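Take a look at this single chain, the form predicted alone, given in structure tokens.
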């Protein structure tokens, strides 16, 4: 049972990193970013490329993937999202199209396969990332054996969650983000550069997703479609936790991760998935704005 709860906690930690960016960007910008899952995939591929081309391990992959995906997110915001604020369905369709484009670019190696050029570490094939020896095996904690890599995942998640909390509640940028979540027009009237803050918020959320991709690369095969379920799971966490709520996202990720792990342990993955959706539906019925709503949907 302890092992099952621990696995649920590790899965929930990765899900939390994905959901944190969605919770902030959806709350502040009103954007349904369907390409958020592709930031996870790009983070995983950045890990593979960092190992293949630079000979660096997962330690360096974490900051590199954060920067790479943050820059990609910033580019998407500047070129596409910025022109669609206030048009919810348009942002959904536009980012869905971006997600498909990113997937196909990776699958076609940025189009270079048409010229017979193959980039090692990319393409439609499956990729694997080996973890360092120090993270292999198990560790004894209070008499129980836990997988070292899953402990590492939880620690990285805790660190990034702490950084996110500090930025949101202890910096001027975070104060501006929270003001925009409350009322964007009033924040603009008070002199806040809403476009600049939105761009930084979108980039930071994409960077968090990239870190989640690095963690996933250590225990899951990397391929172009790997992130498709992640954006759905991320939005489930946002719906349950509440828009713009950091504590809501943390608790919702933990709740859904544990429900999935416990039901899968007792029955199977299919039943577990159904129960997770049942919990989400029940939450929507009883608490339409989420468990810890920061603003109304």
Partner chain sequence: MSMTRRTMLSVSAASLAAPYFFTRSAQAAGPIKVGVLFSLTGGLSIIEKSLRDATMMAIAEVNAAGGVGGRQIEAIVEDGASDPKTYNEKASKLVIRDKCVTVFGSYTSASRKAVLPVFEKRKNLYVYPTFYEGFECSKNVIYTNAVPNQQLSNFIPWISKTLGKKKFFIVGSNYVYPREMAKVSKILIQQQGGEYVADEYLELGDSEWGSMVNKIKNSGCDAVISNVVGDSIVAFYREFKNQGLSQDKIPICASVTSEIEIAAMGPEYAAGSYSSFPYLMAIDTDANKSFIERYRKFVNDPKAVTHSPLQSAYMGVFLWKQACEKAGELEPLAIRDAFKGQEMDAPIGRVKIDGENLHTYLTPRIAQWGADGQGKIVDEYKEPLRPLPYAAYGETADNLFCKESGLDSSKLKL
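Numbering follows the first chain given and starts at 1. Since the structure is predicted, the reported quantities are computational estimates derived from the model, not experimental observations.
Although it is not shown, the form predicted in complex with its partner chain is what the next lines describe.
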item: Partner contact for residue 124 in the model of the complex: its partner chain, 4.5 angstroms, heavy atom; value: yes
item: Partner proximity in the model of the complex: residue 130 to its partner chain, non-hydrogen atom cutoff 4.5 Å; value: yes
item: Contact of residue 145 with its partner chain in the model of the complex (heavy atom, 4.5 Å); value: yes
item: Residue 225, heavy atom within 4.5 angstroms of its partner chain in the model of the complex; value: yes
item: Options 157 to 165, 67 to 75, 82 to 90, 131 to 139; stretch whose heavy atom lies within 4.5 Å of its partner chain in the model of the complex; value: 131 to 139
item: Candidate from 48, 246, 264, 34 lying within 4.5 Å of its partner chain in the model of the complex - any heavy atom; value: 264
item: Within 4.5 Å of its partner chain in the model of the complex: residues from 269 to 286 (heavy atom criterion); value: 269, 270, 273
